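Taking the form predicted alone, here's one chain by itself in C-alpha cells.
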Amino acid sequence: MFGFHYRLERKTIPFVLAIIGAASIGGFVEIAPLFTIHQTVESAPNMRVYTPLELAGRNIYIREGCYACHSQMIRTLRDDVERYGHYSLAVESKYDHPMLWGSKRTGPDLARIGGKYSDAWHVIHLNNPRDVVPESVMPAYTWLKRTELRTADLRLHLKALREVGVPYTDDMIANAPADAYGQANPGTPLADGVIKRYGETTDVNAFDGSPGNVTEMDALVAYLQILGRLTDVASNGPAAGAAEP
C-alpha cells in the first residue's frame, strides 16, 4: 500500500487526479445532505429570534469561554434525556451563529437550562458558584454585575445576523439598544416595545435584581433563561422528518 502511494507521488498528473477524486468524495458527503435538509429538519413555525439583550448575553457566554465546559446539545442517549430533558433538535439551533453544541462537559449541558432556576439563583451562581453548588469547580464571574452592558453596537450585531438568514426586521435592528434596556427594566415604555417586537412570552425582568441600568449580568442571565425556550417544538413532540415551511 505504501509502495503504491510512493510511486503515485512521483507522477504529477495521476497524483493530482487522486487528490481531486478524494476531495470530490469528501465534498459530496458534506454537500449532498444539504439538498434534503428541508425533509430532515423539524418544523418550528412559532420559533422566535434572540432579543438584543439575549444576544448580548450569548456574546458574553462566548467571550468568557463558557462553551468550553458546557455543551448545548442533549444526545438521544437515555442517560442524557433522563438528566437534561428531550434530546436537542436541529431546528432549535437554526438561529445560532456560531452553534455552541460542544462536546466537553466539565459542567452540565445547558440546552434546556432556561426556566429551570430563578434569575436570583443564576446571579448568585455566576457571582460565586460555590454559594449554591459547594462542589463546583466553575470560576466566579464577579465583575458581570458591576460592568455596564455595551449596547451601542447591537444594531450591527442584528444586521450581521440578518445577512446569514436570521429574520430580524428593520424595526428590531433600529430599536436594538432600547430593547436591551427595556427587557431588563420592566414597567417602562421601552419594555412594552420589547413585547411588541418579540412576543408576549418574552421574559422582561430586572435579571440582576437591580433595575435602572443594564449590566452584563442582566444579559447573561437573560440568555441562560431562554435556552431551550425559543420554540416549544420539542415539548410538543415534532414529527420526524417534518419539512420546513
Partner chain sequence: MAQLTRTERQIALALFVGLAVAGLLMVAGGRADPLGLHGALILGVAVFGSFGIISKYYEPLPGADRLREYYDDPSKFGVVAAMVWVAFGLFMGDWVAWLLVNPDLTFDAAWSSFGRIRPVHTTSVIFGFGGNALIATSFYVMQRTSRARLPDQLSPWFVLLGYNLFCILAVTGYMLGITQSREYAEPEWYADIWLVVVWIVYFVTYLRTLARRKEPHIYVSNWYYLAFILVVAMLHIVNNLAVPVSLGHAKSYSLFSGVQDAMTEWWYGHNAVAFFLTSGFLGMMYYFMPKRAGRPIFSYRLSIISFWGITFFYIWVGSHHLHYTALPQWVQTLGMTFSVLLLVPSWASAGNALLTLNGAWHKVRDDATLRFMMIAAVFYGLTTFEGSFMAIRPVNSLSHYTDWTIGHVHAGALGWVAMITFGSIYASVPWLWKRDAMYSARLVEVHFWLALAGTIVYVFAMWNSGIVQGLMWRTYNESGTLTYSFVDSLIAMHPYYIARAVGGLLFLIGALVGCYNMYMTIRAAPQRKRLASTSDMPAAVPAIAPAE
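Note that the structure is predicted; figures quoted are calculated from it, not measured. Residue numbers count along the first chain shown, from 1.
The following text describes the form predicted in complex with its partner chain, which does not appear among the structures shown.
The closest non-hydrogen atom of residue 41 lies within 4.5 Å of its partner chain in the model of the complex. Contact between residue 196 and its partner chain in the model of the complex is not found at the 4.5 Å heavy atom cutoff. Contact annotation for residue 107: at least one heavy atom lies within 4.5 Å of its partner chain in the model of the complex. Using a 4.5 Å cutoff between non-hydrogen atoms, residue 188 does not count as a contact of its partner chain in the model of the complex. Of all the residues from 25-43, those having a non-hydrogen atom no more than 4.5 Å from its partner chain in the model of the complex are 25, 26, 27, 29, 30, 31, 33, 34, 35, 37, 40, 41.
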